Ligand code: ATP
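The form predicted on its own is given below as one chain in structure tokens.
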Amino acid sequence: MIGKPFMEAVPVLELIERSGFEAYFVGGSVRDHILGREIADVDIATSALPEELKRIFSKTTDVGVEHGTILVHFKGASYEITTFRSEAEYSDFRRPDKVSFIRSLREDLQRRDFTMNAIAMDKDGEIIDPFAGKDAIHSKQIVTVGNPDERFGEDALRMLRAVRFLSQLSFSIEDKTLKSFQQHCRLLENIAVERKTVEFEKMLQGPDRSKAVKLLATSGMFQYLPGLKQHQESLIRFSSQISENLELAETWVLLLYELGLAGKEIEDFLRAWKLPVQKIKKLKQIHSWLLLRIDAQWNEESLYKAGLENAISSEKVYKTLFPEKSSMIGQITQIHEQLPIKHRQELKVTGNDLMAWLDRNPGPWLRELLEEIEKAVIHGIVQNEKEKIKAWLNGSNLKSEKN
């Protein structure tokens, strides 16, 4: 029995077949179907050329037509459909120098990375498996299609993909494939950082992430990842500490801590991975609060400044680093809920109020006074009401401000 995503796409395959061509489900969706995993979308391979597909379907979008891929829009859904193809030399160790469209499913499957991804399925759910991919899936092994030296020589990113699949699927890597890593990991130098980052982040989110990171360290691949060349021991230590309850951002912060980075080193390291500016800012914030948490417990003022999300994230990393310490996550939420204000925008006075009350021009004093008022409100010294804050500033009625 094939699942809903396949059933919905069956009419697409039937239309292609009625036009005299072959069409199959291929790749990760078929692998996940065999594994019983949830399937988000399906990929389709066909003997029809892109221009032939455009005659079959009225609504299409070119997304990689030079490589035989178009997007077909059918009954409210979109499907990536790729023409069977063979690939020539890979002079950049990533993309084929030449793509040739062919009519053979077997030849198309033969160019793929791992046997578990070189399986096709027809519209009736029949499996076409010329390279024993099902056997590899049932034995939970990652095996290259054909000679691993050739596969990694064609596309070095496949080595990182293998480690990512290890993490996501809790598979092991077949011995011959694993040995090929040591011989070819230097080819990762030819891969764009952005592509490495995508695989690395997916790997960090898999259930077997600890085993995957350790393999990066012991196989030598770590030397060709941004900022990790001199950090094998730190990476091994990091691999033993990754907790399943950490989100991706928190895992990055744990890595920053284990690498012993500080100040500008953190910025340089994260930029080397080509992470977005906002993400870098967020990671730096969590890391800085982690360091403060190591030295002190949370209080009203630190929670107000950190914000609930940053505080919880840094506390989770802290607990991962120091499992023998008691967690403050419950207290963090409780203290934060009881704060009189959560952001400066909630303060009932503004800089304009202060300048009018004190008859002073703008200057550094304004920011300093607003911070002093924030602290007084946070600690309950004065209520967050304009007139009471004004009276507190004037030094009168101070004893009654909490009433």
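Residue positions are given as counts along the sequence shown, with the first one as 1. A quick note: this is a predicted structure, and the numbers were derived from the prediction, not measured.
Keep in mind that the form predicted in complex with the named molecule is not shown, yet the notes after this line are about it.
With the named molecule left out of view, the stretch that reaches within 4.5 Å of it through heavy atoms in the predicted bound form is, among 48-56, 330-338, 27-35, 343-351, 27-35. Taking the partner from elsewhere, no residue among Q285, S302 and K316 has a non-hydrogen atom within 4.5 angstroms of the named molecule in the predicted bound form. Contact check for D113: a non-hydrogen atom falls within 4.5 Å of the named molecule in the predicted bound form. The named molecule in the predicted bound form is not approached by W252, whose heavy atoms all lie more than 4.5 angstroms from it.
When contacts are judged by a 4.5 Å heavy atom cut-off, R164 counts as touching the named molecule in the predicted bound form. Heavy atoms of K202 reach within 4.5 Å of the named molecule in the predicted bound form, making it an interface residue. With the partner omitted here, the residue from D208, D122, D129, D155 that has a non-hydrogen atom within 4.5 angstroms of the named molecule in the predicted bound form is D155. Of the candidates Q241, N117, Q223, S219, N117 is the one whose heavy atoms come within 4.5 Å of the named molecule in the predicted bound form; the others do not.
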